[in-house]
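As a starting point, one isolated chain is supplied in structure tokens, in the form predicted alone.
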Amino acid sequence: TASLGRRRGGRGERQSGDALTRGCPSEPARVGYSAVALNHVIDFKEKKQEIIKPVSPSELFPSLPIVQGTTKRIKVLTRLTLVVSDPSHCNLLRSTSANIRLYDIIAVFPKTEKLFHIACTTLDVDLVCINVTEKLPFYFRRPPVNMAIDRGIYFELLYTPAIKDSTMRRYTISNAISLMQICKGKNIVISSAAERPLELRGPYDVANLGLLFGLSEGEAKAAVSTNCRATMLHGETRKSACGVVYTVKKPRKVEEEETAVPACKKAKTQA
């Protein structure tokens, strides 16, 4: 399980964001997350901002906590989220910026239907963020959503706004269900964007919230586990410009085990 949306700085809040990172992995590790992403948000609408080099997690956290129920330490990733409201803002993602390549996860938050289409079809990103704090100014369309799924891009839904405010909860559920009607529950990631430990929920609680968003039980579990892992692998592929091989041991079926038994032994057992 992974939480891909712990916020750090951005939007003119760099100093307060740095303060929030002190002890940041402790709470995710305590509730059972094996990975957490520190999110640096850049909103071009507010003021001109440059993409800075991400601070190494080893510098922020010399000693990482152990994930509850395991013997492994939590993995801390760096994430960059660009809030784009104009097509010119996307040029930064198309450029071969050295600092952009240093982030483990790249996300884009499109504000218009045109930018949503561009993000799904052309931009080299790992996540497309869905607005959950207000009514969407456009309807989701099947062609760009299917294109994003084919390209291995995931759609991110935040649950923290739904916890804070009843109006935002209504928008979150409404926008999420609108997306589910198009993507059929595929390539969904549920993140926190938590700024305080109290806003973070455990993976099982988040999976239950996914049921309210229109996901099935299996899809809701994938939204906090396998889909998050796939997003991280997609980021590794983007950074290295190569492929990443991920192997899974296939369980043997009963029929295969029976065919593997020699005929002489099978005859003896039947006798």
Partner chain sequence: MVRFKNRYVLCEVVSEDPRCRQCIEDRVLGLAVRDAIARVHGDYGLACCSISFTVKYLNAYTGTVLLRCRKDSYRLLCSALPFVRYLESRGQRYPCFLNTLHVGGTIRTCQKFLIQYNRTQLLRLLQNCTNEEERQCIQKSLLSCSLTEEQSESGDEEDDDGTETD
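Nothing here was measured: the structure is a model prediction, and the numbers come from that model. Numbering follows the first chain given and starts at 1.
One more form of this protein exists, namely the form predicted together with its partner chain; it is left out here, but the text below deals with it.
Heavy atoms within 4.5 Å of its partner chain in the model of the complex are found in one stretch of 105-113, 164-172, 121-129, 182-190, which is 164-172.
Looking at Val145, you'd find every heavy atom of it more than 4.5 angstroms from its partner chain in the model of the complex. Arg201 belongs to the set of residues with a heavy atom inside 4.5 Å of its partner chain in the model of the complex. When contacts are judged by a 4.5 Å heavy atom cut-off, Arg229 does not count as touching its partner chain in the model of the complex.
Contact annotation: Glu236 falls outside 4.5 Å of its partner chain in the model of the complex, judged by heavy atom distances. The putative spot formed by Val31, Ile66 and Leu212 is fully lined by its partner chain in the model of the complex; each residue has a non-hydrogen atom within 4.5 angstroms of it.
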